[in-house]
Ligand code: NOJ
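Only one chain is shown below, in structure tokens, and it's the form predicted alone.
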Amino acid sequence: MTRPPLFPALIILLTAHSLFAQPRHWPGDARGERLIDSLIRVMTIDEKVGQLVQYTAKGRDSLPGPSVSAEQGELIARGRIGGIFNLWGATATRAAQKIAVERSRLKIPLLFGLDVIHGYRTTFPIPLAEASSWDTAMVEQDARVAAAEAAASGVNWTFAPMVDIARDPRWGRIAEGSGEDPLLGSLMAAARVRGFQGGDPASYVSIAACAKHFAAYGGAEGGRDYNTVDMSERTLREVYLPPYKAAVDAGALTVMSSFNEIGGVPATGNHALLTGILRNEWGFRGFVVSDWMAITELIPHGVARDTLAAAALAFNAGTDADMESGAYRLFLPRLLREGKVTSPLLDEGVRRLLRVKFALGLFDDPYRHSSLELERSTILSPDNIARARDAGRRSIVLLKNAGGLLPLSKNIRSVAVIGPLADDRADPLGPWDALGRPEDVVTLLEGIRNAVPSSTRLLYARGCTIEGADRSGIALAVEAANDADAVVLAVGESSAMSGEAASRSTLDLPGIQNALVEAVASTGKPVVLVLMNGRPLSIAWAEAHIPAIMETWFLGVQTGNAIADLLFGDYNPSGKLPLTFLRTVGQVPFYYNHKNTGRPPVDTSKFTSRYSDLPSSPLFPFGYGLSYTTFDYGSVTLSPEVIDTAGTVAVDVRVKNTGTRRGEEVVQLYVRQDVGSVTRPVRELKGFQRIILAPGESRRVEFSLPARDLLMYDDSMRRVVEPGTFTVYVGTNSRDVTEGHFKVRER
């Protein structure tokens, strides 16, 4: 069954990319393909369809925990279910697997899926926070820990990483991704896939990754979850698709289709996306699973009249597995009889799913991911806790430090710890915390107590709740502030205010927290504002009146210790923003790699692209983050200054630590194509390096910039390097840079 292309130019693109290469890290082999062939030959239609059916376990929120129902157990025994999700624990998963491999006719093992987004039981910082580390090695290690804990509990498949580019902070799921930039997002996507799957997905400490949500879910209009996405093919390919491609190239075994439509075609029924780009162009060999009930949601989308039509549309488009809707189990056999789905297409969908099970080693040992011994020794191990603490402090971004207020002295006589999140155990876990438990969390108040001597007097006042309107606690907070030498004020969002179905129409601090901030600031005491949240917030008043501000996001189980490490100087902050902080929600969308327009904004000129009531700049730019030391950048040297379309430019800059502390800096490289056949972004991130410098030390930092990094889609939608002049920017963030110039000539 043919489908119209996603965009008219897509047919040309597919022809141009017909000689694609297979992903280098795909683990399948000839033995696996022979096994899969032998199974498909003897499977009944119902058994084939059964492999494509995924259901959630029952009683997820009950004690002692989730389990398969009697009805599900019977379906598993009859080969009618290929995977169960939201089932965990070595005992529960082993029991369900036993039904599949001992009672079903063909003994095909089950997949067990779970949203292991930023940790299993050892909860790490949310992905947006970890992206603030700009440390792909750390991100890979953290995903490795999450995989090991999940695997020990029987989970062999995670619905992560979420690799959606997000330019609208109103969208709650921005917390689950890596921000607004395609390069940073791509590197983080690949790191998470490598972490989850390891060098060998069949390892006892590896699980299958699932890149989601394919595609462009982060572009939802108005930042409203599940909403329409409408963009040009150029924007789709240059901004939104690269992180998915990076995840596939890193070997992701599965991909999840997104809820949204693109240009009128919902992703779950989008043949051009799922078959044209993902499989034919990129060579993806794993399987695609729908998001929750997404197949039947094709009906309210208005592209399917009923569940029968929705099942046909989704399956023919390339959605292999049905999550929870039951559409495939109920209607795929009928669609086959009526010729609306072909037998070869069904066999290929089953092959993809069995291929993943083989890659995970489940045919060799179906119980490999259900070990009580490993479950006891792996989960919340001391090493895992230590990694969570290190990840937490690397993920914090120091936004302001006027007068060098930070770090605080450990010999300080008294500290007032104030705010609704100061002694909160639940919310620092963040959204999608898997099996994270509040009792595992070190609160900020506890972390400060752990960091200072017993002689330091700590005064605690909640002040207000996160969302409530009760002001009665503010007076006590002011009293505590007046009685202390310094104040640490923790404000932000609840964990439920970020993640799925958590879009917000405002970026202001919820409830009356702004009133609390203003009241505490009015005391005149030195205040450190600690932000805990899952999205950038509008903190213009605080930026103007509070001397020190930390963006800590949601840091997980070691929240308090990680923040205290920075507050008292045991760790020098090095985090950098993975997205732009706005002055107000009215600036949305605002991202650093925007186009210039014919009338670029000039704050002193009325007839330019600007708002009349505020500066055209962001509050904090992409890539921004302070340290307790300072860094000086020399001039940029380029060699050679002219290359052809196959050449490489060496970019050289000297960076010096001009402060008094050893510090870590993320040196960032941006490029602008000065003139093109189509408009180009004002600058694009092309590389970054982390360096550590002692006080007074300088280092020459070198980047290699090959011409292929300048590839773009021209006015005919051909992916080319266009000859012309380019500007290179190197600096500490996307705004504060030094620049150089080079030229690309025809080869």
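In this text, all values refer to a predicted model and were calculated from it rather than measured experimentally. Numbers follow the displayed sequence, beginning with 1.
Only in words, not in the display: the form predicted together with ligand NOJ, which the text now covers.
- Query: According to a 4.5 angstroms non-hydrogen atom cut-off, is D291 in contact with ligand NOJ in the predicted complex?
  - Reply: Judged by the heavy-atom cut-off of 4.5 Å, D291 is in contact with ligand NOJ in the predicted complex.
- Message: M256 versus ligand NOJ, in the predicted complex: is there a non-hydrogen atom within 4.5 Å?
- Response: It does: once ligand NOJ is placed as it appears in the predicted complex, M256 has a heavy atom within 4.5 Å of it.
- Query: Though only this chain appears here, would D115 touch ligand NOJ in the predicted complex if you measure heavy atom gaps against 4.5 Å?
  - Reply: Taking the distances in the predicted complex, the answer for D115 is yes, it comes within 4.5 Å of ligand NOJ.
- Message: Would you classify H213 as touching ligand NOJ in the predicted complex, given a 4.5 Å non-hydrogen atom cut-off?
- Response: H213 belongs to the contact set for ligand NOJ.
- Task: Name the single residue among W134, Y670, F159, Y240 that comes within 4.5 Å of ligand NOJ in the predicted complex, judging by heavy atoms.
- Result: Selected option: F159.
- Out of F590, W88, W432, F331, which one falls within 4.5 Å of ligand NOJ in the predicted complex, going by heavy atoms? If I apply the 4.5 Å criterion carefully, the residue I get is W432.
- Item | Site test, R173, M323 and E500 vs ligand NOJ in the predicted complex, non-hydrogen atom cutoff 4.5 Å | Yes: each residue has a heavy atom within 4.5 Å of the partner.
- Task: Tell me, please, which stretch of 356-364, 205-213, 389-397, 407-415 lies within 4.5 angstroms of ligand NOJ in the predicted complex when heavy atoms are compared?
- Result: So the stretch in question is 205-213.
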